[in-house]
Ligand code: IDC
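Below sits a lone chain in structure tokens, taken as the form predicted alone.
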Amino acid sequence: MRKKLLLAFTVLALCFLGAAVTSSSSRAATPVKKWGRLSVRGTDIVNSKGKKVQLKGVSTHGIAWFPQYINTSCFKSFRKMGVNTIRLALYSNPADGFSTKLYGKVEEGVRIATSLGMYVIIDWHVLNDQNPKKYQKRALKFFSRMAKKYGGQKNILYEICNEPNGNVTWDKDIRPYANKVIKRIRKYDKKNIIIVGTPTWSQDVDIAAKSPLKHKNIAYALHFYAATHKEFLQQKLKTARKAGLPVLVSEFNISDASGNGALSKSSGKKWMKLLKKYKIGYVAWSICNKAESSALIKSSCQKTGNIKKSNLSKSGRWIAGWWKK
């Protein structure tokens, strides 16, 4: 009888031990642990073993305005929903909240994402300043600091000019700016992916495809807001892809181009199917509760952490439905 009891207790103990190991292993299987350092191969982003992967991310809003969402509980909430990438948006224009004091907030975001085993995009958010050359010296200093600090990490991506726009061209403005900033980053970080914005609010990937940059591990940004950007912009993506350009959708939503207005789930579905077909990564705008349709969190929700799917806005819930597909 004693032997039978001892055997039963031993089996029970082994079951508990196995469950604990499985649980620990599950917790350890973070996105970065699974994929390692990413790189660009041909038109694709691949993991450390050369296999295609699809980044699924969320972007902060301007961290000058919504810094409260940069915290462990918030990022972890999105990771539980299937997000593997956090984008930290630092507006480059003083009129939009830029301050060197925010560098520390960017670094806090990188530390948190890293601790959770998530990929993190350090985004120099050119928008109302239009031309990335306007604050080029500042960008060089910023990316020098970030590349020095994080060049040895496997989870870093750099987005060097969010949405060039206005009278800004690829050959005259973006390409020379990109060459200088890439050279500066590569001084300290030889391997991590650098994302380059394209003309017309990062829509003209087809133009960039005609004369791509001569650097390794470069991806090109395409941004869309599905209620405004439909077949015309999808065709630009197909053209760029056919020409061999590696594209990453580093910002999107299913609202209109203003970040507000009515949602278009039908257009959004076409976009998501296309991105899935090509295994192109995407990053949703934005983690905040601002009263606009592209905010991923309900405007009535005051939580900044432990965010559930029920706390998400209409666009947030729709997009979340794709994160685990």
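When you see a residue number, it is the position in the sequence shown, counting from 1. Please read all numbers here as calculations on a predicted model, not as lab measurements.
Heads up, the form predicted together with this ligand isn't pictured, but that's what we're talking about next.
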Checklist entry - Any of the heavy atoms of Tyr282 lying within 4.5 Å of this ligand in the predicted complex? => result no
Next on the checklist: Can you work out whether Val53 and this ligand are in contact in the predicted complex, taking contact to mean some heavy atom pair no more than 4.5 Å apart?
Outcome noted: no
Next on the checklist: Test of understanding: in the predicted complex, would Tyr278 fall inside 4.5 Å of this ligand by heavy atoms?
Outcome noted: no
Next on the checklist: How about Asn162 - does it come within 4.5 Å of this ligand in the predicted complex, if we only consider non-hydrogen atoms?
Outcome noted: yes
Next on the checklist: I have Tyr91, Gly259 and Glu292 flagged as a candidate spot, so tell me whether each of them has a non-hydrogen atom within 4.5 Å of this ligand in the predicted complex.
Outcome noted: yes
Checklist entry - What is the one choice in Leu127, Leu237, Leu116, Val110 with a heavy atom within 4.5 Å of this ligand in the predicted complex? => result Leu127
Checklist entry - Within 4.5 Å of this ligand in the predicted complex, heavy atoms considered, which of Phe143, Tyr177, Tyr225, Tyr220? => result Tyr225
Checklist outcome for this item: Assert contact_stretch over 130-138, 162-170, 177-185, 102-110 against this ligand in the predicted complex, heavy atom within 4.5 Å, equals 162-170
Checklist entry - Is any part of 50-64 within 4.5 angstroms of this ligand in the predicted complex by a non-hydrogen atom, and which residues would that be? => result His61
